[in-house]
Structure formats: C-alpha cells, structure tokens
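Single chain ahead, written as structure tokens, the form predicted alone.
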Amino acid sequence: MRVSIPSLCGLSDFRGFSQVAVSNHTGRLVLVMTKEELKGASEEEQQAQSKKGLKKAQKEAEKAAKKAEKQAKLAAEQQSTDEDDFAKDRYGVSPMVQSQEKLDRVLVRVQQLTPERADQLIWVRARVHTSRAKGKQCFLVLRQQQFNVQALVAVGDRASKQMVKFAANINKESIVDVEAMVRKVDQKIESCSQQDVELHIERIFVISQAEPRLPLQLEDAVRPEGEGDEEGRATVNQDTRLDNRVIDLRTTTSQAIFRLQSGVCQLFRDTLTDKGFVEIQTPKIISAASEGGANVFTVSYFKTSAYLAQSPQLYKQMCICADFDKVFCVGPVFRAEDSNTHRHLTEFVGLDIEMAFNYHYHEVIDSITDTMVQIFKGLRDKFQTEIQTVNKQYPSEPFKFLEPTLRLEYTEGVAMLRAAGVEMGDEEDLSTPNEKLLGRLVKEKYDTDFYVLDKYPLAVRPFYTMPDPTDKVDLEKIKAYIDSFRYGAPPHAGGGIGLERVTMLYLGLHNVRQTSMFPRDPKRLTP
C-alpha cells in the first residue's frame, strides 16, 4: 500500500513504515507499508500520526508561502529600484584590473587638491579612510599616503539615494576611483591635510574591496599616547603594530617617517657624490667575522660555514687600497646581539664612509660631520610636512645642530659629567646613562643635539687596537684583506651610523623599531 503526503513532513513521524521513497513525478515523499505492517498498526496510532503530520505540513506550507511572498516582494522592489535608479551606471564594484584596456584618464594626487583646482572635475584614486552617512548624504575621508581630503556624496542630479547608500557601505581601507568636482570650503576642515577644499562626488567605483574587519583601526594607531584615555578611546601598542605592520605602515605617521628616512638616504648619497665619493656595494656573506667572532650570525655555505657581515669595514678599506680614495655604501648590517633595548636591532641599514686623508684624521671627521649637517639641513628644508605630521603624534623639539659641528675632546666630556656629580676615571668608558646625560649637558650648554666626542683614550677601545686572546681571527680567512696592505696603503679612516638611529634621533622618537620598516630583534623574525 502506498500513502502519499507532502514532502515537508519530518522523517521522525514515519514510524511503522518499512520504506521511504521519493516520487519522481510529484516530487513528494512516498511512504510504503506492507499489508502485514498495515494490519499491525492500530487505528488510533494511524489517526494520531495523520493529524500530527498534517498539522506540521500545514505549518511548513504556510512558512514556505510567507518566504516566497517575501522574496517576490524583494525582487519586485529590486526591479523597481533598478528601474528608478538613474545613477546606477555611476557607481559600483569594478572588475579586477587585468590590463585589458587603457583608459584615457588622468588621476590627480590628493596632495595636489588645492583651491587653485576649485570647480574642476577630476578623478582621484584613494582609500576610504572613514565614512559617515547622514540623511540623504554621506561624508567620506579619502586617504592617499599621508594626505587626505573630505568628500561628499549627496542625493541630487548626479547621485541617487541608492548611490549614497552604496558609498556609505564601502568598507574602510577599500580602494576607490572617484570622479568629483573640487569645491572650496568656507571653514577649514581641520581633520584633513587638504583643509581648504572638499570633493563633491559624481561617480564612485570600488577598485579593491577591503575586509570588513580590520586588525587595527588607523585612527587608533595615530592617536598620541594618553590622549582619549578618559573617553575610553583606544591606542595601539607596539607589538600589535608590528604584528600587523602593513596596516600600521598606512598611517600618516608611518608614511611620514619612512618618506623622511628615504630623504636621509638620498641626501647622504647626493652630498657624498658631490664631494667626490664613489658608492660601492660590498659582500654580505663573508668568510670571517668583520669585527671579531662575537655577535655574528653563522650561515651554512655549501660544505663550510660563512658569516653575515657585521659591517662593510674590511671591503671599504680594501677599496681605499685599490685607489678609490673616497667611498661610501648604504646596505644591511647584521649583529647577533641579544639586546632588547629601544635602540638595538639585529639587522639595520648602515650608512658607511671611508676615505684616504693627507696628514690628519680630522680631515675625515670634518668630511663626515659636514655630510651629517647637509643631511640635517636638507631634512629641515625639504621635509617639513613629514616632520609636522610625525610631531602631531610624537611631539618633540626641532632637531638642533651647529655649523661647523661642535667638537669636544673626551677629557672635556668627562669634566662636564664630573661637574654634574658623576664619579668616573679619565680613561673610563661612557655607560649608556652617562652618554645620555652628557648629551643633555651639551644641549644645555651649547644648544645642539649633534656633536663629536674626539680623542677617546686608547684604554676605552682596546678591542679595536689589539687582538682578543680568547677570540682570535683566522688570518687565513681574511688573507685578501691583509694582503691589500702589503702593496701600499694610504692613510685612511672612516665611520658608520645606522639609518634607523639617524631617523629616530632626528624626529625625537623613542624606539628604533618605529623607524625600521620590518624590524628584526632577538624576539622578532616576522613579518
């Protein structure tokens, strides 16, 4: 016997049936019972099951009908919306850029949006920094590196209410192409870098959609420490920044830091090139430790071992012996120092100089200090926007320097420390606290953040002047370096400084990790 009921019945109600099948014609469940099974089922049980099944089927049918009605209504509304949306071709999500066409379109930089461009229709590509819908309009802040501008989408001749809704729902950090009219504003927009204009959007297309949930909020990442504590607004700690470095590097502060750092490199190169220096590239995989065997990274090199260069020192000197006269290099330096301080990294960028001199090493000191002064002047004159951007989050006094550079002898520095109550011997090395204290004393007395401490006593730096009896260098491994002095070597000297430290000190920052794009220290090997 076959009993056919609607397919919405639950299988839990099919007690007493030996088979369950699906009818190919009706799309309904068909329950099959044998004669023996039918005889065994009591009339009461059959009636109870029938009533329960019908009741449940009725509820499910009503639910399905309501759902179908709702979907039909939504479809009708969508169709009506599409028909009524006159601006539907002026916004949307663009197909992935796959270089299939070349558009004759000029994209204007956000930095170039000034009152001089008022009433011009322009295209801009930028990230959506923030968005805020209000009635029939939506305010956006569009960001491009360290510059941002306010934009407005409002219901009118060029934008529909659907377009406003679309703009308001674009995820933060998404990249958009915007066609907009540049308009002057009556009151400065203090929250944006472009304070005198705003954009009235006529077209907006999403080029790359960001995930709706970000690992950190950029407005939190640029908030000065301590600001907003009472209101409960968040700041972002260092580890969170470094764990999500790509997002953190988008902040206006990070953009400014690393653009200024790029300027340090460029000024270093330009200044030394003008002085007749030649830029060189030196090996970073070497056969022996360049500054002794301690604090060096050992790497497997085929069937032997090699080391990551602690400095380009040996090769700089070999180039002087090769008659290059004056050389410099910009490159990575590796230090296997288990130091977790605010100023130590296991990998950094070294700015190194080496040059032959005629009669006195002060010729080299003068060249190095003048190079640094030219860098400081160039940063001051060309990177004020970046300096001011960083100062908003990390306030500091302007970096001060003298021209020519102040030069103190070691004994003068010791005398200043003693006068400040520090007990130390004439040939005692400067501890880190005393080094910082001397810097403050020099600033108070001479009003400079940059000076040279000259004529260190021999006992202070014994490592550089005599072999270390517990860690001797295998001379065979540096034979080429030793041999370069056998065939005539001019008197020469040089120096080196970390790019990250220069940037940190110039901007008055407190941790070298802020000026290393992807810092490496004993506890961090990623990202």
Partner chain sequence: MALRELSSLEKFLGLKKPNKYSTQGDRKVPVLQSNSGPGLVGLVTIATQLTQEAKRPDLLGKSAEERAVVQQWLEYRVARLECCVKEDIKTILKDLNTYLEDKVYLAGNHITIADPLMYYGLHPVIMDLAVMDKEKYLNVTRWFDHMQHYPGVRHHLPPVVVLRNRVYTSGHH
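Positions refer to the first chain, counted from 1. As the structure is a prediction and not an experimental result, all values here were calculated from the model.
The same protein has a further form, the form predicted in complex with the partner chain, not shown here; the description that follows concerns it.
Within 4.5 Å of some heavy atom of the partner chain in the model of the complex lies at least one heavy atom of residue 440. In the model of the complex, no heavy atom of residue 214 sits within 4.5 Å of the partner chain. Put simply, residue 398 is far from the partner chain in the model of the complex: not one heavy atom of it is within 4.5 Å.
Among heavy atoms of residue 419, some come within 4.5 Å of the partner chain in the model of the complex.
Taking 323, 444, 274, 157 one by one, only a single residue has any non-hydrogen atom within 4.5 Å of the partner chain in the model of the complex, and it is 444. Screening 190-198, 266-274, 420-428, 238-246 for residues having heavy atoms within 4.5 Å of the partner chain in the model of the complex returns a single hit, 420-428.
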